[in-house]
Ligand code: NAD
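Have a look below at one chain only, the form predicted on its own, in structure tokens format.
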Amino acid sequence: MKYPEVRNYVGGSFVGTDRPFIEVLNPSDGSVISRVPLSTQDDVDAAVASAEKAFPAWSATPLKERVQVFYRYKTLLEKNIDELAALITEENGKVASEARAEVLKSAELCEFACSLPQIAPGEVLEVSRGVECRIERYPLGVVAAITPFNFPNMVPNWSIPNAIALGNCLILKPSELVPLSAGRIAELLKEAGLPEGVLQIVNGGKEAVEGICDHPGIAAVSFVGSTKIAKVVYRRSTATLKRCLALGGAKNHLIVMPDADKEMTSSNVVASMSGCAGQRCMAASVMVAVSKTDHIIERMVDHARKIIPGKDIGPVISVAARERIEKYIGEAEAAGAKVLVDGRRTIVKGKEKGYFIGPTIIDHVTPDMRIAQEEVFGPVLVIIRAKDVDEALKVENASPYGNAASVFTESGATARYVTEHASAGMVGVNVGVPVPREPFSFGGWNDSKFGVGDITGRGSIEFWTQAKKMTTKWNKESGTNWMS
């Protein structure tokens, strides 16, 4: 193996374990690069105990001092970007440019956390003569983040900087498919001066997740993954009276109007579909082509055929993922859809054992087909035809998901109409991937999100803290009123 066995991180140190291990594979060539332990409830208990020990001192540290760790951590992310990006490429498969962009986004998340002293101060007001009310925000205690395989560096940093800067101690359970980046994050945070016990890492699978959901010492859980598991995590966590914010899957619709700019639209739609091998919850998966848009579709096909697997697009995460995606494509084709660009049976020279699928565009898909309804999570775009914008919105609104939607048009009125009527938490105009940038929060609607609030941006302040309201009266001469 290229890397040593993955270990849990407890009390500021990596600790060995006698738990069973599973292999960590490089999806570009199928090689074994490490092994990761399948932690148990006992491992979760140990992590919580360590975090509880660290919490009093960390929560008592002033916010302006806590964020100094993240100023230094941000610098370390930027300084080590080449190494961190290479690690993402090895365990996840992203091409180098995508991996570097992921690390840069992590740095941006840290930048927001560093601004918390300016945007998260308490409020104070004299509400009556001589009577003052104020609100101060306090950390919850020990919290947890359960993160997916598709962004092994960025998604952990959705939770780590804000939750910890706001005074909590956090337990991270990274995906067992990509555990290496999490360990490196812990090392950099320690180098940045994060005290022992403030961050713990518990590796593993289902048992570790259940241990986190069930543990009475954990006050809040953030989760990012499929909708199926998001529902389970939300129900199990809230059953033990935790806060939980679980972000699920997506089926993002891009509505393309006939007046849309051909070059901008075609390139943006294909980039949205194929970026990160389609393994992102903001990827374009359904294009609703309104009226006469064949000229745009033809240009999309041109763009897609120029994408070179292994150079411009990486592999999907596993053999099972590749087989599942190819099955979706085959089913749609058998049901009468037309495959315009076929990424099946893609072989990359020198990486013949990699899990590659080339960009795939499928036209004349109908809304009742499985590929039009379910999250494929690969570089696959289906095209559904609609006669007008209302029919297109009907297709979008019918999806149980509600992560993102976009409209491509040169008409401001049409753009406004779609943004008002799309059933999605994040909406774009002439943008293929409408991801909000900090300080705006990430989060969808419907079956793409369970729970209240956000784990990034300003919305995260409410989720990761609790408000204490204080009322004081020092002036005896202020009189007696209903507040006495």
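Computed from a prediction, not measured in an experiment: that's the story for all the values here. In this text, residue numbers run from 1 along the sequence as written.
This next part talks about the form predicted together with nicotinamide-adenine-dinucleotide (NAD), which is not shown.
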Candidate stretches 202-210, 81-89, 259-267, 363-371, one within 4.5 Å of nicotinamide-adenine-dinucleotide (NAD) in the predicted bound form by heavy atom: 202-210
Pro174: touches nicotinamide-adenine-dinucleotide (NAD) in the predicted bound form, heavy atom cutoff 4.5 angstroms: yes
Heavy atom of Ile164 within 4.5 Å of nicotinamide-adenine-dinucleotide (NAD) in the predicted bound form: no
Non-hydrogen atom contact Ile229 with nicotinamide-adenine-dinucleotide (NAD) in the predicted bound form at 4.5 angstroms: yes
4.5 Å heavy atom contact, Glu326 to nicotinamide-adenine-dinucleotide (NAD) in the predicted bound form: no
Residues Pro148, Leu247 and Cys281 all lining nicotinamide-adenine-dinucleotide (NAD) in the predicted bound form, heavy atom within 4.5 Å: yes
Sole residue of Gly197, Gly141, Gly225, Gly310 within 4.5 Å of nicotinamide-adenine-dinucleotide (NAD) in the predicted bound form, by heavy atom: Gly225
The single option of Asn403, Ser181, Ser406, Ser285 touching nicotinamide-adenine-dinucleotide (NAD) in the predicted bound form, heavy atom within 4.5 Å: Asn403
Partner contacts for 445-476, taking nicotinamide-adenine-dinucleotide (NAD) in the predicted bound form and a 4.5 Å heavy atom cut-off: Ser448
